[in-house]
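In structure tokens, the next block holds one chain alone, the form predicted alone.
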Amino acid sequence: MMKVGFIGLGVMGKPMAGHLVDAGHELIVYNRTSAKAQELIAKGATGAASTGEVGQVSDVVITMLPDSPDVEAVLFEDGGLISTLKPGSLLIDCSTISPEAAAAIGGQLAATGIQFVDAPVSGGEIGAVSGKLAIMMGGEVEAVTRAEEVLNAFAGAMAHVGPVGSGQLVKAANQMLVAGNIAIVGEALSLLQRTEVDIDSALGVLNGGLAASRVLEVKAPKMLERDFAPGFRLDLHYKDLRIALAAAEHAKIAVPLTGIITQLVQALRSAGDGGEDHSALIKAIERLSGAATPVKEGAL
């Protein structure tokens, strides 16, 4: 078992860190809001007073932060990780950031003898709590092999997808697929709710055919129950979609559906819904249809 540092104890980070304690690793945790670390400390983790302190005592450090500037600040601000991490140590960034930022971070760390793996995760709060996240890893083979030993504590699936930055490119594609799926599930449910169809029976048969998906299984019930408590916030998905659009522009390809869905998410953010779960995307469909809440209007 290794000494593992973990920085960023948000909705997903906290349960991810908990799995590391359960796996027997010696865990050192830091979060700007220190109260979020207390449950983990009660389980046996050690709290750190700063990011630099995490680097001083860890063989491996995992960061799980909102965006590129947050990761860069934790690493490169005065007294940050890069000033205390020892040569030969490993940084695993599980955040979703731009591929360009990941590549730049990897280059800066390599210059100081620190290994780096960009390892964004997919599965939301449910996947983090269950320890079944999908993890897309970019980096050198040796670094990825080391990372797998730690990430296995909360992984349902892992893959080495290329050099540093590749994990973020695959995550961008993941977020395009997830957003598109959520949007079309929202459209389909909006249609069904305007009819006399038995919704539960309809979802049962849809999940038994080619239309079946994890999004339909997990997010459709939340849409129907109007449960938009954030498992993954619209604000964060908007950030991820902008990364995807930038990657598409760099690759010189057209992604019109991703562009439309990004605008729907932006409309919800402008209406003050950015803190809700991304399943709230159905609200944008409903508003375009002239009603905030679907109303049945007669028989089929």
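Numbering starts at 1 and runs along the sequence shown. Heads up, when I say rigid core I mean the largest set of C-alphas that superpose within 1.5 Å between the two forms. Remember, predicted model here, so these are calculated numbers, not experimental data.
Although not depicted, the form predicted together with a further copy of the same chain is the subject of the following passage.
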Legend entry - Heavy atom contact within 4.5 Å of a further copy of the same chain in the predicted complex, the stretch among 76-84, 105-113, 144-152, 214-222: 214-222
Inset, instruction - Classify R242 as contacting or not contacting a further copy of the same chain in the predicted complex by the rule of any non-hydrogen atom within 4.5 angstroms, answering yes or no. - result: yes
Inset, instruction - Indicate whether a further copy of the same chain has at least one heavy atom within 4.5 Å of a heavy atom of S89 in the predicted complex. - result: no
Legend entry - Close approach of P99 to a further copy of the same chain in the predicted complex, 4.5 Å, heavy atom: yes
Inset, instruction - Would you please decide whether A202 lies within 4.5 angstroms of a further copy of the same chain in the predicted complex, comparing each non-hydrogen atom pair? - result: yes
Legend entry - a further copy of the same chain in the predicted complex: contacted by all of N181, K252 and L264, heavy atom 4.5 Å: yes
Inset, instruction - Taking only heavy atoms into account, state which residues of 171-195 are within 4.5 Å of a further copy of the same chain in the predicted complex, ordered by sequence. - result: A173, N174, M176, L177, V178, G180, N181, A183, I184, V185, E187, A188, S190, L191, L192, R194, T195
Legend entry - Core-aligned C-alpha movement of K222 between the shown form and the other one, 2 Å or more: yes
Inset, instruction - Superpose on the rigid core, then tell me if the C-alpha of A49 is displaced by 2 angstroms or more between the shown form and the other one. - result: no
